[in-house]
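A single chain, nothing else alongside it, follows as structure tokens in the form predicted on its own.
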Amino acid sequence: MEALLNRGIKQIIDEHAEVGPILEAYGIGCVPCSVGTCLLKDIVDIHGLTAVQEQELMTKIAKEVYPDRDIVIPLREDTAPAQGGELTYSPPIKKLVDEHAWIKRLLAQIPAVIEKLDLSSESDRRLVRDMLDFIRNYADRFHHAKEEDILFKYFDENLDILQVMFTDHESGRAHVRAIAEAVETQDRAVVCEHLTAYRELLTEHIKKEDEILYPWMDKELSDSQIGQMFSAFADVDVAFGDGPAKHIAFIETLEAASS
């Protein structure tokens, strides 16, 4: 069983396809992951399953991988909260979750924007540019910079879960560049394609961070590190001045226009 725990999850899924749905049943979405180099043991640890859930999950995987063996998975001491319970965060991590809420409100507006989008109209082109301004300056330079330049520095940045986050950030930036270029050429199809792709990417990205990565990080960080991070985040807030407030006002205006 130790050998199985130390195997890459993508390799396991490639050899035993039914392991994918087993993981998904426990809220572990490894199948569509763009990196996929995580070890099985790391996935179980990061997702914070309860002892009973971990035992059930590993028993099902063991039966799939070793159908001719009778493997007994011991019940470990339970230290994780039950899935489905309300998540709590340290103050600096809560700041990031609150920032996610504004990004999700932008994502929620994308389908309505796409439905009515007319790039021959200067006002519609300006709307898309304003959305890109929010993404570039609030979601990326303000929010993602806190993650990449502060939070992630407390961990080994070669960790597979962090490499997934970095890859998502870069993919989002690529979508933004494609949208910006297509707006100028008034290529509606490309704009809609990449707005939709960005929405899908960030929706899953935020879910992974809020429900998996952040709770795991909070568990690993010391009280001193959390205090340092809170202070560093406050410095970022001061450095950006009233910029974030203006971006939030844009979201509120966008929502009001669509209501």
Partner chain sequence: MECGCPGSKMMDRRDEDSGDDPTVAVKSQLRQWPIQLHLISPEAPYYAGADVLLTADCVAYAMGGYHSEYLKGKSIAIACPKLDAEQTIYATKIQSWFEDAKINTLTVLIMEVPCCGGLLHLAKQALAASSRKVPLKAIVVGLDGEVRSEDWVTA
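Positions refer to the first chain, counted from 1. Just so we're clear, the structure is a prediction, and the values are computed from it rather than from any experiment.
In what follows, reference is made to the form predicted in complex with its partner chain, a form of this protein that is not presented.
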* Pick from 144-152, 104-112, 172-180, 90-98: which stretch has non-hydrogen atoms within 4.5 Å of its partner chain in the predicted bound form? -> 90-98
* Structure fact -> The one residue among Ile226, Ala62, Val190, Ile212 placing a heavy atom within 4.5 Å of its partner chain in the predicted bound form is Ile226
* Asked: For Phe233, is any heavy atom within 4.5 Å of its partner chain in the predicted bound form, or not?
  -> no
